[in-house]
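Consider the single chain below, provided in structure tokens and representing the form predicted alone.
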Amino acid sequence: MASLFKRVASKALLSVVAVGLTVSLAAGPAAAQDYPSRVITMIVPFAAGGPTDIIARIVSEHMARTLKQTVVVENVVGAGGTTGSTRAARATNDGYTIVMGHMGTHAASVALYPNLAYKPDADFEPIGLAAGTPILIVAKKDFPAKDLKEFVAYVKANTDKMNAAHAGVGSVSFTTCLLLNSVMQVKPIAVPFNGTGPALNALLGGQVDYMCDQIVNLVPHIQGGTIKAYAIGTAERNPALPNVPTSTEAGLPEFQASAWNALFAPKGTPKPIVDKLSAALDQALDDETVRKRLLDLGSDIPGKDRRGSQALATLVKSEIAKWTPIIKANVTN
């Protein structure tokens, strides 16, 4: 009797497990089919007004229309963008919390933070690349040098007096100016800010001497003459700033720097949901109004071959491999 009871109980348990597994498997597609049914939070791990924030707001506005749901941008600042990225990595993986990461948060951070709370290439589901953002070398409007060669000479001669602004260790402005300073073989006083917006404000106010920044933040200020632009770190000039020479043209070919912004979801977010988000981002990048807004800011809109989850996953791995040796050679943790 006891043996019979055990066999019956065992079969009952297996049935419960099987039913539970079936319900669980069915719940994924059903949840994805109903997604999104409430507000989506897009974390921007930097201050409002910075390049990542600007790009996030432009694409999220169109994505909201495609998804027929509100997308709220939440700025979570700190630790070069890793505070907000950590929050996103630890969020519930249901598609209602995503993050606009970039070169700093999802590549440079690996070498900069030995105790980083997340693995950029393992703890997220890549959604897609939103925009490329060329880097410019800029200085306060009354900086003495008239061109890049004079800029390099002046910084070298006055290194101890130079103040270089950045948006926090691990930010794009920090990492790319680390490359610039390495090429120039100088170590100016580094002045950190809680985001690129505040750092740029300090430059506009003449409180710091120079910085490296993403073009998205700079076009109107350069056109208005409120800051000086010495070079852009790309192979070709940018249509938004045709008078700014490339770093190669200006005499510093070793400075090649272009950042990127991309959307990620927490690891384990169901693929159908990731695919919906990826498709919504793709539609945003195909929209003429969105494209004009991004191009007017100087952004590089990725072609179809550079979009989507797989392309972004490949980009993250390659960027980690690119920046890790540069950072380790110039930063002591």
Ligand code: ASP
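Heads up: residue numbers just count along the shown sequence, starting at 1. Quick caveat: nothing in here was measured; it's all calculated off a predicted structure.
Not on display, but discussed next: the form predicted together with this ligand.
Annotated contact segment (heavy atom within 4.5 Å of this ligand in the predicted complex): 51-59, selected among 35-43, 51-59, 268-276, 296-304.
A single residue from the set A167, V99, I127, A108 has any heavy atom within 4.5 angstroms of this ligand in the predicted complex; that residue is A167. Remark: S171 counts among the residues lining this ligand in the predicted complex, judged by a heavy atom distance of 4.5 Å or less.
Under a 4.5 angstroms non-hydrogen atom cutoff, this ligand in the predicted complex lacks S85 among its neighbouring residues.
Although the partner is absent here, P134 sits far enough away that none of its heavy atoms falls within 4.5 Å of this ligand in the predicted complex. Shown alone here, G195 lies within 4.5 Å of this ligand in the predicted complex, counting heavy atoms only.
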